[in-house]
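Next comes just one chain, in structure tokens: the form predicted alone.
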Amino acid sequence: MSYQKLFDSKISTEAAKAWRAQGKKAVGTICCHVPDEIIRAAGILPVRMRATDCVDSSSGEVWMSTFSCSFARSILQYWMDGVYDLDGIVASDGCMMPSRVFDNAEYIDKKNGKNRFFYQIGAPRIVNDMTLSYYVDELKELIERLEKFSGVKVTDEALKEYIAKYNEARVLVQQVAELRKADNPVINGQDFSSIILAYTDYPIEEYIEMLKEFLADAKNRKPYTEQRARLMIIGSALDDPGYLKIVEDKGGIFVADALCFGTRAFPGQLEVDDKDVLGSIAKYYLERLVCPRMMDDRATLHEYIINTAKEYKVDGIIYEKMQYCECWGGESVLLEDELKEAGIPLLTVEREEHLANAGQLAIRAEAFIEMIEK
């Protein structure tokens, strides 16, 4: 079955190579305020960049320093190593780290005599009429640059076409997430993480077909029945299903998340105002709950985490934060008391992109699960 590709979390470049072999462009995207719908409407394939399985980011560290998060350093490492052989990068300033990946990748390209496409979107950290207008202007400039780059005119009709496709994917991802509500789910956290990561590698049309095939066959999957605790995972960008496997091997099962490489990658629906299609896109991407980078929706994000934990009957939450993570690094200071008040146990763990402390994580996870059982 072709949907089995959903469970291969290794970075695949097959789709991008096939796309470019047709004479079309493919660009890497970094962070969550880069609208895929706009890039596809320009005839370009967006490839969400990640750092899965990067074990050595020493060259990236030379450019970005040891005080940058290892997720970002590893993306730059993959760019320099040619793992991502693409026509350029479109990034947003979700936090400082994507900006540093962008800056250095562009500089390295110019230093090496290359002339690939680079554009960074400025995304405000609060939402009001003024910041929304600013973000719309940023997207207008992005469109102008993409049109010149690809030679394809971005029309409202094309934007609405791809909004509809990505909305379909959002519905299907939510249907997959709903499977996790069962007392004995047919999908665990490692599986779900792999399914979400697959969207980074394939055109949305192919991803939709794989999701449909998986959902049609889900009833034939064997339920997970040995779990000792239902868990939720929140925190920094997590693009390694192996991290979840370590915890699940100790008897936990992840049934919910608040991750940008998780359900937060496909939140809700993008509602279209036919009179202002670009404004609709800007509103969706600026208002959606993804991470704590927004200064005016932290309370809403915390409420989402608590409500989701209750909805999915979660016994405890694991909060993983990347060392030097700007967005999630200190959020536990605000969130811990709220979870305690809600009666939801919390385990906070620090991590790096390369999974080097598997034994320590396993010990802490097992102790957390035993505490929940007692």
Partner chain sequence: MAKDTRLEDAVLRGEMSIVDFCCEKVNGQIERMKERNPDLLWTLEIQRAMWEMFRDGHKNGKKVIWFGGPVPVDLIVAFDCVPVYLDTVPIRLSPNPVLAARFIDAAEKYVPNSMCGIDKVELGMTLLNQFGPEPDAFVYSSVPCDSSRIAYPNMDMILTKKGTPCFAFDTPFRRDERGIQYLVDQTKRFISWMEELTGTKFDQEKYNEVCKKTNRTFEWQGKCAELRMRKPCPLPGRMLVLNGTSNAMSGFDAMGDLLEKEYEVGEMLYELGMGPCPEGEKHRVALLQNMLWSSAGTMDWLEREYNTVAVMDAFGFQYGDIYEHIGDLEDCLRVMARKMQNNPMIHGASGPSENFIYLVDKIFENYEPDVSMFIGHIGCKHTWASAKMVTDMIQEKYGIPSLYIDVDGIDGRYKSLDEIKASVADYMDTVVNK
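Keep in mind it's a predicted model, so treat the numbers as computed, not measured. Numbering follows the first chain given and starts at 1.
Just so you know, the form predicted together with its partner chain exists too; it's not on screen, but the next bit is about it.
- In plain terms, the part of the chain that comes close to its partner chain in the predicted bound form, with a heavy atom within 4.5 Å, is 323-331 out of 49-57, 323-331, 304-312, 34-42.
- For the candidate set K212, R228, K114, R298, a heavy atom within 4.5 Å of its partner chain in the predicted bound form is found for exactly one residue, namely R298.
- Site annotation in the predicted bound form: the residue of T200, S150, N104, S194 reaching within 4.5 Å of its partner chain with a heavy atom is N104.
- Its partner chain is not shown here, and in the predicted bound form it never comes within 4.5 Å of any heavy atom of E157.
- Taking non-hydrogen atoms only, M64 approaches its partner chain to within 4.5 angstroms in the predicted bound form.
- Within this chain, V247 is remote from the site of its partner chain in the predicted bound form, having no heavy atom within 4.5 Å.
- Contact between G122 and its partner chain in the predicted bound form is found at the 4.5 Å heavy atom cutoff.
- The candidate spot formed by D93, E141 and E336 lies fully in contact with its partner chain in the predicted bound form, as each residue has a heavy atom within 4.5 Å of it.
- Counting a residue when any of its non-hydrogen atoms is within 4.5 Å of its partner chain in the predicted bound form, the hits in 116-139 run Y119, Q120, G122, P124, R125, I126, N128, D129, M130, T131, Y134, D137, E138.
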